[in-house]
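In structure tokens, one chain follows: the form predicted on its own.
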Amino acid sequence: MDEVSIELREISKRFGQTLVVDRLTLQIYKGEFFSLLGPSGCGKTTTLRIIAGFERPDSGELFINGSRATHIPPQERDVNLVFQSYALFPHLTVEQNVAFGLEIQKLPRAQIRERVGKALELVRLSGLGARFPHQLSGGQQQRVALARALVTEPSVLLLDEPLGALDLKLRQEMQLELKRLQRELKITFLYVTHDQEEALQMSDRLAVMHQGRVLQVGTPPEIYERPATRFVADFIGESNLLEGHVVRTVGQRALVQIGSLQANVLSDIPLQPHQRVTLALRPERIHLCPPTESNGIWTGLVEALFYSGKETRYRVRVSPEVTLTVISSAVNGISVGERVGLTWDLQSLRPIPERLP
């Protein structure tokens, strides 16, 4: 069994009358890259601050490396935090910024110098120790913040949207750097982000949060391919969400009525006749074909298309109540105003019971 690095049990936190974290229970394993993903205000940063010790929960328990840590002061927890704003001391050099935590621990001067040198080498900033933060690029400043957090050798590194202030190219470079560091150091990374693509690309597992609750925990493929709720399906990537009801079921197969349309569904969750469901269908899983009226093929009218080079996005009106977004990397010569057929693999149509959020 995997060793648990961080465990939250029924953690709740209010600010005034607002419930920010709602009975959150979560286990994060030692040495994994775990992300908390959700929109602004969902409670992910507050959860991170509770783990760091900067906020105290109103109820529930926190465990770090198997020990109860709910009431332990921040400086006594075996964690460190990297802020989005970097929080570097402008009047200190790079070396002095990185050494700050070790100075607080009153380590011998020679040991501090050695560990600072190794930390700067780890983040590829050797030779820049004498510079001040204002002399560095945004990406270099973020590396200094990482080195400062890592030099104290925490068992858990907490990262609060650390790449949010970087432009796209630097952000992508730092994503690779963070993943490299995590694999090299083999310590637990807990990463907070609102960027779905970032979370999917970097995480071993992730938790999707909404209104203070965790809606789903899993690997990136599990979350993307099998969203457990309508919110997860809509928030992670892009989905066509089709509302309907179950007509009949045979084993794991079901026939679902969506307005005037019908769709066959293969479901790994129990469905009952007359049950309301939402079907999630990823735009890139839909294939365009000639509009033959054969069994299982929907047909529609292309109302708009947008070409971006690597792909083309289509809006296809299938019925008065259903318009689908289709994303295709193929160059197929389809134009606005044409009728097309639409097909997909049976397992691509994901049913979500309406009772779930």
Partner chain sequence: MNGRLLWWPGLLWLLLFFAIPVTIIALISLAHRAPDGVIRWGFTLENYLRLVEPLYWAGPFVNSLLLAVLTTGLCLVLGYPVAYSLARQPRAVKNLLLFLVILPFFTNFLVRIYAWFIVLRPEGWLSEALRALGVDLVFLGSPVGVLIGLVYGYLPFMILPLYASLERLDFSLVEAAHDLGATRWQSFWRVIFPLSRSGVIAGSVLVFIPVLGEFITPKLLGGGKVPMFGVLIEEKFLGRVPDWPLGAAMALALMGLVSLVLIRSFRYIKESRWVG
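Numbering follows the first chain given and starts at 1. In this text the structure is predicted, and so the values were computed from the model without any measurement.
Although not depicted, the form predicted together with its partner chain is the subject of the following passage.
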_Heavy atom within 4.5 Å of its partner chain in the predicted bound form - the one residue of G244, G212, G101, P162 that qualifies_ = G101
*Which one of Q272, Q252, Q262, Q75 is close to its partner chain in the predicted bound form, taking close to mean a heavy atom within 4.5 Å?*
Q75
*Region of this chain that lies against its partner chain in the predicted bound form, out of 276-284, 178-186, 84-92, 113-121 [heavy atom, 4.5 Å]*: 84-92
*Using heavy atoms and a 4.5 Å limit, would one call A52 a contact residue for its partner chain in the predicted bound form?*
yes
*Would Q141 sit within 4.5 Å of its partner chain in the predicted bound form, counting heavy atoms only?*
no
*Answer yes if any heavy atom of S203 is within 4.5 Å of a heavy atom of its partner chain in the predicted bound form; otherwise answer no.*
no
*Does its partner chain come within 4.5 Å of any heavy atom of Q196 in the predicted bound form?*
no
